[in-house]
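What follows is a single chain, given as C-alpha cells, in the form predicted alone.
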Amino acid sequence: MHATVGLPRSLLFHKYHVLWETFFGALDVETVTSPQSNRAILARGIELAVDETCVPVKLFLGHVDALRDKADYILVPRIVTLAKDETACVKFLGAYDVARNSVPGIRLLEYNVDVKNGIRQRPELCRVGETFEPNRRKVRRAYDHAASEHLRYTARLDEQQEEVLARPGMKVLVVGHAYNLYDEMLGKPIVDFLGKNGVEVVSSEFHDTAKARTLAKLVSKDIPWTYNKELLGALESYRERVDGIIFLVTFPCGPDSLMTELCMRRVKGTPSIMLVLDELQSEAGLRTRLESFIDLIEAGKRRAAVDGAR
C-alpha cells in the first residue's frame, strides 16, 4: 500500500501546492488535500485555537484536523527566513508546533527553511522525501522536476494577470496573501462578487520575487516580512494599471495592518478600500461595501470622461 501525505488547504498550500503534489507524486506517494474551507472547518479551528489567533491559523487548524485519519502523515513546513535580511510571519515559524500541540492523533512531516542560517528548501524537502524513497538520487530528481513545474505554474499565473490587464473594462487590484485571496471562506467570495459585477480582478500574486523586493523599497525600506514585501511589490507593479484597489486583511494581523496603512498613504488619488475579515463577517455587509466601492469608481470614471471632453 502506498503512503499518503495530507496537505492542509490553507496557509502556504495556496503558494506551493504544485511543488508538493508533483514532488510526492514523483515518489509514488499519494497526496490527500483537505476540503475547501467551510463553516464546519472554521468552527473546528476556532475550537482548537486560542482566542487571539488570527483567522488564517484558525482555518489552518481546522484543515489539519480535517485530515486526521485521512492520511498517514500531514505536511506542515516551518518557514523562518527566505532571505538573509527578512523574516516570515510568526505563524509560519510556529505552524508545526501549533498543529502538533493543538490537534490530537496526527503524525506530522515538517521541513525547515531558514536561509539566514543556511537551511534551504531543496535539501530539507529531499530529507522529507527520503522518508518514502531511500534512493537519494531519485529524490533529488523528484524535487528538481517539482521545482520546474512550480515555476511553470507561476509563470502561467503571471501571464494570466497580463491578459486580464490587457482586457477592456474596470479593473480592481485585490491586495492580500494567497491564503486569504483563494480561500473559500475569505477572499474567494469577494473575487467572485466582483467578477459577477463586471469587474476584472487583478491579484496581488506577483512571482518575480527579486523585482518585488526592489519595488517594495519604494513603499518601505524597513518592513521585514517576506510575504508582505511581495504584496508591496505587487502594489507598485500594478497600481497605475487599475481603477481601484482593495486591501484584504484578516483580523488581527499586525503586519498586514501596518502594510495597508503605508500603502493607502501611497496610493492617494486611486480609489481604495480596506476590508478586515474575521470569523463573524457578514456577507451582506461585504456586498454593500463592495457595491459602494464599484459605484465610487464608476462615478470617478464618468467625471474624468466629462473633464476630458471639455
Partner chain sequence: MSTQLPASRPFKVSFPHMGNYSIPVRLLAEQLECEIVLPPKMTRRTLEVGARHSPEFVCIPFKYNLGNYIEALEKGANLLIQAGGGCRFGYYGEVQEAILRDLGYDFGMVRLLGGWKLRDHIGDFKRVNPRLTMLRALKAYKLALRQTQALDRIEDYVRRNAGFEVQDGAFEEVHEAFLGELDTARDMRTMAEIESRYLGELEAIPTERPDDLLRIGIVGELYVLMEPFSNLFVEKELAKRGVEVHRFVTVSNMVEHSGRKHTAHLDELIAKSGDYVRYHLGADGTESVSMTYQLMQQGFDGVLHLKPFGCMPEVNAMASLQRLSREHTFPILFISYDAQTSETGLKTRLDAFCDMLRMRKQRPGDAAMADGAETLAPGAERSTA
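Residue numbers count along the first chain shown, from 1. In this text, all values refer to a predicted model and were calculated from it rather than measured experimentally.
Keep in mind the form predicted in complex with the partner chain is missing from the figure; the text below concerns it.
- Per the 4.5 Å heavy atom criterion, the partner chain in the predicted bound form is contacted by stretch 110-118, the sole one of 110-118, 207-215, 166-174, 189-197.
- The candidate site formed by Thr53, Gly94 and Asn101 is fully in contact with the partner chain in the predicted bound form, as each residue has a non-hydrogen atom within 4.5 angstroms of it.
- A single residue from the set Leu181, Val139, Val128, Val219 has any heavy atom within 4.5 angstroms of the partner chain in the predicted bound form; that residue is Val219.
- Though the partner chain is absent from this view, in the predicted bound form it lies within 4.5 Å of a heavy atom of just one residue from Val249, Leu67, Leu42, Ile245, which is Val249.
- Heavy atoms of Asp28 never reach within 4.5 Å of the partner chain in the predicted bound form, leaving it off the interface.
- Taking the partner from elsewhere, Pro255 is found to have a heavy atom lying within 4.5 Å of the partner chain in the predicted bound form.
- The partner chain in the predicted bound form is approached by Arg78, whose closest heavy atom lies within 4.5 angstroms of it.
- Though the partner is left out of this view, Leu262 does reach within 4.5 Å of the partner chain in the predicted bound form, counting heavy atoms only.
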